[in-house]
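In the form predicted alone, a lone chain appears below as structure tokens.
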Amino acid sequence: MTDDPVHSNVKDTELIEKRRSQMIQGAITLFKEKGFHRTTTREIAKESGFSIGTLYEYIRTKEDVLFLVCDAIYQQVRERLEAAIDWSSPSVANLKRVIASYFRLMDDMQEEVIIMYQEVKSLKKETKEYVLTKERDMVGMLEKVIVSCLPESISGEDAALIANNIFVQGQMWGFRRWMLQKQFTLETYIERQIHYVMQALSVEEKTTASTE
């Protein structure tokens, strides 16, 4: 696929970014209320603050809007992870910060993530594969952080599995927050999940020993 798989008749990149941002926020509001299939492009245009004609200057189909929503979610995940990673001084503490940052983002974006997983099946095969590739990229970032922070403590295969576990644990808070909040605050959830990750990585004891 191209760098911008959603066709636009407008050439002004700043205007495209502005309008699509409005479109994404409008669509998320409607998808929360009605779901993807029951939402019309006319409703998306109205919620976004412009006409249906203007909407079709920036997209071709309603599926394009869903793609933009999914793409925006993954972009925010990437930006949050990149902001938390300190490649110049990788450490166990840095890994913990990255995991905590990711979990907090999943709390911030709970409704968006739920919408994405509920509706991504509505995307065409090629577009769905593009979105799933973005997810693999996010997991790959976590895997790279794990290997960087613990170069002598874990194999590449184990790092890949742990990265996937972390990714799912963050999403679990989003999907099951309604139940988990009866027992845990977000910070307690983060603390306990990081504890179990460190146990799986067998570094908690080594870290403690090195500071004694």
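Keep in mind the model is a prediction, meaning the values are calculated, not measured. Residues carry their position along the shown sequence, with the first being 1.
Although it is not shown, the form predicted together with another copy of the chain is what the next lines describe.
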Worksheet item: Which single stretch, out of 118-126, 91-99, 104-112, 77-85, brings residue heavy atoms within 4.5 Å of another copy of the chain in the predicted bound form?
Response: 118-126
Item to complete: Answer for K18 alone: is it within 4.5 Å of another copy of the chain in the predicted bound form, judged on heavy atom distances?
Response: no
Practice prompt. Although another copy of the chain is absent from this view, report whether N164 comes within 4.5 Å of it in the predicted bound form, heavy atoms only.
Written response: yes
Discussion item. Residue-level contact is defined here as any heavy atom of the residue lying within 4.5 Å of another copy of the chain in the predicted bound form; does Q193 satisfy this criterion?
Written reply: yes
Practice prompt. Look up in the predicted bound form whether T29 has a non-hydrogen atom within 4.5 angstroms of another copy of the chain, and give yes or no.
Written response: no
Worksheet item: Quick one: which residues from 124-156 get a non-hydrogen atom within 4.5 Å of another copy of the chain in the predicted bound form?
Response: L132, E135, R136, V139
